[in-house]
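To begin, one chain is listed below as structure tokens, in the form predicted alone.
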Amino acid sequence: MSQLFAVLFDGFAYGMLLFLLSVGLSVTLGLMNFTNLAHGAFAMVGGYVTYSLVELAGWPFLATLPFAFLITAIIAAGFERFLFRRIYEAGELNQVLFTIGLVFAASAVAAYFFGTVHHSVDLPAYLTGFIEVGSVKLPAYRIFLVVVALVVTAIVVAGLEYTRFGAMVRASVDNQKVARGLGLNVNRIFALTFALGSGLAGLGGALAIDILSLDPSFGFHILVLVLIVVAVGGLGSIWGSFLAAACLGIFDVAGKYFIPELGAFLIYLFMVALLFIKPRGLFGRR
């Protein structure tokens, strides 16, 4: 039982990492109707911000996390203002082609400045050991990931569901003309929403370095995973993404541990089976 609990917790912690990486895409894709495949590139930006501050500037790991969020959000706001805003009404195909092209460009820029090798960061000692829970030893860093994911979930849900800003976002998405007629600055609301979603991607990228490692292809590696989380959870549902990420993480880790010959395939099997039953995902609103 202790072994089973350890595997399940490890899977849940991995799922929380997937949630942190995908929650921003759930915001931009689910609320803004914008197919942003460049989401992985913004996660990579946050990863390289943390790597640079920890390994090159000597900052403590935890002190870099707010900057990974803020710098990524600022960069994303610039891209939204000068590039993405022009293709909001261009159709899904144009959005896909444009944003996936940005991932290739970001990968080339990262390779030029940081090389093509895998990078990691030195974690503080209190995040590298184990914490005993009864007879089970749980990795401290994965406990930290779970705590951060729960805090982010509470903040994002409260901000989008129970605040005036969240109401303005939903109004702007549902009917831009009416929203503008009511005096809302739709362009500013979309810019802030996009910056928020991309900043969360940067935070997820920073936290993923120790588990997934960091290289110029990072944006491609996580793209399929975050799309699966958003699809299974359902567009526009933060709780759906949370539950989908938890289930996928547990399926992935438990499958690789107990059925190694099929482990890597189980999350895809789970996705296909669930979407066959519920095409809109677990809590899809549309």
Partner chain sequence: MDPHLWLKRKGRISPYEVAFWPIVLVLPFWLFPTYLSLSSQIAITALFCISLDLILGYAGIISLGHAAFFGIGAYAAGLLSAHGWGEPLSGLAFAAVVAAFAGWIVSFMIVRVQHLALLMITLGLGFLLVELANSLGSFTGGADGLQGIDTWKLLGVWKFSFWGKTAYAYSLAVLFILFLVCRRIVRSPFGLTLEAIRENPDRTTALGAPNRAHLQKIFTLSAGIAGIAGALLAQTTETVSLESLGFQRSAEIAIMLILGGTGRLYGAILGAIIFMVARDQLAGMNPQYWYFWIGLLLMIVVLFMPRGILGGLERLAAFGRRR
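Since the model is a prediction, treat every value here as computed from it, not as a measurement. Residue numbers count along the first chain shown, from 1.
Omitted here: the form predicted together with the partner chain. The next part is about that form.
Query - Phe69, Trp239 and Tyr257 all contacting the partner chain in the model of the complex, non-hydrogen atom within 4.5 Å - result: Not a single listed residue reaches the partner chain in the model of the complex, so no.
Report task. Examine Ala105 and determine whether its closest non-hydrogen atom to the partner chain in the model of the complex is within 4.5 angstroms. Result -> Contact check for Ala105: yes, within 4.5 Å of the partner chain in the model of the complex.
Query raised in the report: Could you tell me if Ile222 has a non-hydrogen atom within 4.5 Å of the partner chain in the model of the complex?
Result: Flag for Ile222 set to no.
Query raised in the report: Does Val230 make contact with the partner chain in the model of the complex, using a 4.5 Å heavy atom cut-off?
Result: Result yes; Val230 sits at the interface with the partner chain in the model of the complex.
Query raised in the report: Within a 4.5 Å heavy atom cut-off, is Thr116 in contact with the partner chain in the model of the complex?
Result: Close contact exists here: in the model of the complex, Thr116 approaches the partner chain to within 4.5 Å, heavy atoms only.
Requested in this report: Using a 4.5 Å heavy atom cut-off, indicate which stretch of 41-49, 241-249, 57-65, 222-230 touches the partner chain in the model of the complex.
Outcome: Careful reading of the contacts points to 222-230.
**Report entry** Partner-contacting position among Gly129, Pro124, Gly159, Gly101 - heavy atom within 4.5 Å of the partner chain in the model of the complex
**Finding:** Exactly one listed residue reaches within 4.5 Å, namely Gly101.
Query raised in the report: the partner chain isn't shown here, but in the model of the complex which of Val136, Ala171, Leu182, Leu83 has a heavy atom within 4.5 Å of it?
Result: Contact with the partner chain in the model of the complex is made by Leu83 alone.
Query raised in the report: Which residues in 20-41 have a heavy atom within 4.5 Å of the partner chain in the model of the complex?
Result: Going through 20-41 in order - heavy atoms within 4.5 Å of the partner chain in the model of the complex - the hits are Leu29, Thr35.
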